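Only one chain is shown below, in structure tokens, and it's the form predicted alone.
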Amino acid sequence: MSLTSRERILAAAKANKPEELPLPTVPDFGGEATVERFTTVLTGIGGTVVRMGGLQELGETLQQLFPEARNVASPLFRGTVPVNRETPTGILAEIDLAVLPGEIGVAENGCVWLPEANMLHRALPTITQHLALVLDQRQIVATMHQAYAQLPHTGGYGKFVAGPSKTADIEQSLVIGAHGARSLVVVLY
């Protein structure tokens, strides 16, 4: 029986497969895992950090920060717009404020890990006008290496969010909210 070109190539690749090697050990790059460092960096890239005494203050805090928000979506409380994975993007585009629970904050770059399970809809963190991420301040780590070490290795979608959307690629003029939320507030408790 004659092998096809495809079968010969696949057989050759399989026969010459190198042995599997362990991943290298990544050193601890240190750094400060402090709320102050996280706040300084996030503020420097256009975000805002607000501290609360506890989750019971969330409603009042959001009302003070976003008094004009009418269309609100959140898994943390009953928002004015119910959102799930099937919600059309046209409805998502009308959301003034999305309030989502973050999982891990990173002090070195002011970002917050947001897994898909916390987003309600994959597009919501990007398409909303304003994004508020609620984060337990004890979940702030110093570096991205430390953050990645805490992520589950089960796959799935998620993203690190840092600051509001911005671009300066057109005549070096900074535009906020060009490709996503116009503002990002991280609410720490």
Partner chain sequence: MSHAIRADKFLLDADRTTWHDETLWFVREKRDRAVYAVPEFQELRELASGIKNHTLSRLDLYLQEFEAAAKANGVHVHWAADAAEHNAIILDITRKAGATRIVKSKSMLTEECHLNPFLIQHGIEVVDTDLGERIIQFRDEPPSHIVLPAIHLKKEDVGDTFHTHLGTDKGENDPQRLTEAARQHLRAKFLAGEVAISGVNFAIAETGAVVVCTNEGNADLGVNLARVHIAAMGIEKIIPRLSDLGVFTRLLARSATGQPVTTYTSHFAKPAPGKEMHIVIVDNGRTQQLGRPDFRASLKCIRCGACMNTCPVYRRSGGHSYDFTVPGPIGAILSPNIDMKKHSSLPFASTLCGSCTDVCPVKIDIHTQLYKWRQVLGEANEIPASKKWGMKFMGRVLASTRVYGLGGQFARKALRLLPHGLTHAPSMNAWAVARELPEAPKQSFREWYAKQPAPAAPSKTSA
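Positions refer to the first chain, counted from 1. Nothing here was measured: the structure is a model prediction, and the numbers come from that model. Here, rigid core means the biggest group of C-alpha atoms that superpose within 1.5 Å across both forms.
Beyond the structure shown, there is the form predicted together with the partner chain, which is absent from this document and is the topic of what follows.
In the predicted bound form, residue 162 approaches the partner chain with a heavy atom inside 4.5 Å. Taking the partner from the other structure, the partner chain in the predicted bound form has no heavy atom within 4.5 Å of any heavy atom of residue 74. Residue contact with the partner chain in the predicted bound form: residue 153 places a heavy atom within 4.5 Å of it. Within this chain, residue 145 lines the site of the partner chain in the predicted bound form, having a heavy atom no more than 4.5 Å away. Between the options 129, 139, 61, 39, the residue in contact with the partner chain in the predicted bound form by a heavy atom within 4.5 angstroms is 129.
If you take 20-59 and check each residue for a heavy atom within 4.5 Å of the partner chain in the predicted bound form, you get 20, 21, 22, 23, 24, 25, 26, 27, 29, 41, 45, in sequence order. Core-superposed comparison between this form and the one not shown: the CA of residue 168 stays below a 2 Å shift. Between residue 22 and residue 147, the C-alpha separation grows by 3 Å or more in the predicted bound form, relative to the conformation displayed.
In the predicted bound form, the Cα atoms of residue 154 and residue 122 sit 3 Å or more nearer to each other than they do here.
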